[in-house]
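Presented as structure tokens, the chain that follows is alone, the form predicted on its own.
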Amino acid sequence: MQAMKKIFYFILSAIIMTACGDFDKINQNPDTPQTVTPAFLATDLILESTSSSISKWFLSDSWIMKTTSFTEHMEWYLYNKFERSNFGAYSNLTNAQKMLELADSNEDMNESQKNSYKGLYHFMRAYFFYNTTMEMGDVPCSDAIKGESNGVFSPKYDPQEDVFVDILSELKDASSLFEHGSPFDGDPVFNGNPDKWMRTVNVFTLRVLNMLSKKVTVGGMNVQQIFEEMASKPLIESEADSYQRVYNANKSSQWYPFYYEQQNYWSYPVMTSFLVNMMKDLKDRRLFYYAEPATRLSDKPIDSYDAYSGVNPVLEYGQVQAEYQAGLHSSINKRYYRVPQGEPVKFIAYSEAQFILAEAALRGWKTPLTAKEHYENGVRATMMFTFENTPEEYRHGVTIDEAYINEYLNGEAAFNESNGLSQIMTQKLIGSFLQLKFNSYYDYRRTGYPVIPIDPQTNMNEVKTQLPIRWMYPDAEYSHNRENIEEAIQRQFGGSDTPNGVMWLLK
């Protein structure tokens, strides 16, 4: 009897083990990679670096810059209240490191293709370090993501100057590696084209150097000299070749971030008088592509500037709501929530490069063209981008074409060097409406242009006459990395972690 039981249990165990093995096979998704490859991680990194917040947070940059307001309920950015940021972007650095290791160890991959993956690794490190230090100031850099490899779970904070030195070094390596790279797999933006990546890296380097333009040297390197060298290298050649996310109407997972079927906030945005009046003064036809006519102005033709109005963004919030609900002001153009593919969302753009070069030329730095020519290139590119990505039924009967752009650039928007910086920043702001997130804010923080309206009575910032100039460090750092974060705060801000502490970059 005992022998029969043993035989029974043996047979039962064998059946269970076999069944479990078959069950594992059955549950493998044939469309999901079973092994992680450099291409798989490259896709993840590129999508992360071109991701936008879905729903109302897609508009948050425009709240800071006072180009739109929002009428669901009061959001702190509307009235200049900044809180804490985070180091969430650092998880991407771990994936970049893994991608590099997998590419290096792949004996079937040729060296030029490995160069492209290495170039992507260096670019992503620069990109995420840049975004994080621009928000907060000193950040972990030399000790970052060394927990697994070196057991460093409480990384020190590098001085911001050192972080920028590292960023520039990463970008220099990335540009050189892409220059000697070959097409690689896993790239949803440029289809693995190393030349387009090299140009993108070069433009991003110009952005970084432009943000450093108040400094003569950084880590012993001459900022102007490096900028001029980079300006002579291959750069993005058209707005269509910008580093951007292109959306797809046929795939719900690839719809535009503010498309109404994936959020319920489409009825709340309202245009502001700051942007609407700016565009009216310039007779800028992009207004008809950005906004809808105000309901209470329905007696005006929809192709008339008089049909459009913006709310004063510094009014007490209840009044903003009341005026919008009364139909006094324009909402954003319906295309932003009714067209599933929307428009491509840019993160590093041709037009941006042209405005950066215009600003540099205005400072007397050597650039390929004059300040006026670069400025005009930037305006043309942003205008045509808006025209080409706005379906005809959302243009309110108004056309943007070459003849109009020429008239615009020879009229109200004609470049004048004596007012050049203000003009460049104004055009960058208009052209980056719901684009290049936080870039206009960083330009404003650096230059003071365009002059944003501030009312001390409604300003929630501690310094009532200005916008905040940084985000505070995450709370978690005080629990897990107290010694290092307190040292960084003392070094930069005399011990107080506030939104008004002046980081090295701005001194």
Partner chain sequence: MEFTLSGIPIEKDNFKWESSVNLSFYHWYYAKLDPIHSSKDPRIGKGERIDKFFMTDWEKDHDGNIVHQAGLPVKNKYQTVMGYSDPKYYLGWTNKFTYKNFDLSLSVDGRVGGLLYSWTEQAMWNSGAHPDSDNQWRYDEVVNGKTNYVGKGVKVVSGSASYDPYGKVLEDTREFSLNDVPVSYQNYTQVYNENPWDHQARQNIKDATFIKLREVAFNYTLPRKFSEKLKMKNVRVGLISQNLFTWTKEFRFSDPDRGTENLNTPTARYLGFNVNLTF
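As the structure is a computational prediction, the values presented were derived from the model and not from experiment. Numbering follows the first chain given and starts at 1.
Keep in mind that the form predicted together with the partner chain is missing from the display, and what follows is about it.
Each of Y317, H480 and G495 places at least one heavy atom within 4.5 Å of the partner chain in the model of the complex. When you look in the model of the complex, the only residue of R296, K214, K366, H73 with a non-hydrogen atom within 4.5 Å of the partner chain is H73. Proximity to the partner chain in the model of the complex, defined as a heavy atom within 4.5 Å, singles out one entry of T43, S52, T447, N459, which is N459.
Among residues of the shown chain, Q321 is one whose heavy atoms approach the partner chain to within 4.5 Å in the model of the complex. Under a 4.5 angstroms non-hydrogen atom cutoff, the partner chain in the model of the complex lacks E101 among its neighbouring residues. Although the partner is absent from this view, I454 stays clear of the partner chain in the model of the complex, with no non-hydrogen atom inside 4.5 angstroms. The closest heavy atom approach of M472 to the partner chain in the model of the complex falls within 4.5 Å.
Comparing 102 to 110, 286 to 294, 81 to 89, 175 to 183 against the partner chain in the model of the complex, the single stretch with non-hydrogen atoms within 4.5 angstroms of it is 81 to 89.
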